[in-house]
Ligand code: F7E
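Shown below, as structure tokens, is a lone chain in the form predicted on its own; questions about how it binds or moves come after it.
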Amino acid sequence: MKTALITGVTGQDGSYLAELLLDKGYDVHGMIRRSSVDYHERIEHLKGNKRFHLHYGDLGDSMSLVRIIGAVRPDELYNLAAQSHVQVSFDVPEYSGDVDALGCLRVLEAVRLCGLAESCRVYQASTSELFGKVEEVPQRETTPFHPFSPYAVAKQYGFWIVKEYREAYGMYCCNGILFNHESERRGETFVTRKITLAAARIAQGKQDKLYLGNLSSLRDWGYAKDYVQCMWLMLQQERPDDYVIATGEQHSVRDFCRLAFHCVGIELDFTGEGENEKGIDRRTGRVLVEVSPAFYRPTDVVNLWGDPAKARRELGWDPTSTPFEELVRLMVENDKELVRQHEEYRT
């Protein structure tokens, strides 16, 4: 039985990865931050599993990392914990840097100090935001980085410190450069979940309008449940390496919005440009989507599109096992049910 440790186990990716590893027979340990609330929605169903264990710790506290890693002595460590919201990183840049940059360093150093440099394989959650103000389309492993947010700058440090520990100490550690990956478990402040929830609420008469930022931003959206499989595959190879994980397909925020509303029976027509663009219900003429400058970022990444050829070739991973249309449908159906249940609870 292999033992795995997941930081960020309560997040979207962490919860799916925990399920995957438990299905594969792993003994799974997760690191969580202490809080006054002991309910963790995404992993609550796993707490009765005898092979699932939780430990209190924080990427900002090196002593807790040494304590947990020294006690668990994992065969595989997945560092998924982060301040992962790009917009929020402009509001809390120092915190984002401490957790996303130095947090990765603390994890690697804790593995080394616990004498696990030769036995523990480490996965670092990197990001397509590294490409930022893109210098090549589509982006691949050799594309130059141009980070365009405090989050991306912090993650670039994490990327390079992983490569340094791999070369300096011979550690098996990998960067997964994951492009946008969504699911029913995505946090409600992220644009995709904001759209699917709004579509469900508007269709059920619980919300009047949806406000968004740049509708023309282009993203490569995949399904998080598929992407955690690739994280695991990276740590099963003979030699460590870094991989772009993406679908190879690109869609705009506008496309996502149009499809989400279609899934609730509303056809949107978009008119106008920039801040004056609106999404109008074709049947009723109601304006359901508007652009708000409040959601524009100081610097905005507008064209992320990944090339998954290396992962497909070397890992045998299928990047399109869940098509874009199916991803949006899954999220909308989930949120339709959530909105319905909430209304039933209130009544």
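Small disclaimer: the values here were computed from a predicted structure and weren't measured. We number the residues from 1 along the sequence you see.
What comes next is about the form predicted together with the ligand, which is not displayed.
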Open item on the list: Based on heavy atom distances of 4.5 Å or less, which listed stretch (110 to 118, 159 to 167, 269 to 277, 209 to 217) is in contact with the ligand in the predicted complex?
Closed with: 209 to 217
Open item on the list: Against the ligand in the predicted complex, would Glu129 count as a contact residue? Criterion: heavy atoms within 4.5 Å.
Closed with: yes
Task: Contact test in the predicted complex: Leu235 vs the ligand, heavy atoms, 4.5 Å - done: no
Task: the ligand contact at Thr247 in the predicted complex, heavy atom, 4.5 Å - done: no
Task: in the predicted complex, Tyr151 touching the ligand (heavy atom, 4.5 Å) - done: yes
- [ ] Identify which of Asp281, Asp300, Asp307, Asp27 has a heavy atom within 4.5 Å of the ligand in the predicted complex; exactly one of them does.
- [x] Asp300
Task: Residue among Arg140, His262, His85, Arg201 with a heavy atom within 4.5 Å of the ligand in the predicted complex - done: His85
Open item on the list: Only counting heavy atoms and a 4.5 Å limit, does any residue of 174 to 191 reach the ligand in the predicted complex, and if so which ones?
Closed with: Leu178, Phe179, Asn180, Arg186, Thr189, Phe190, Val191
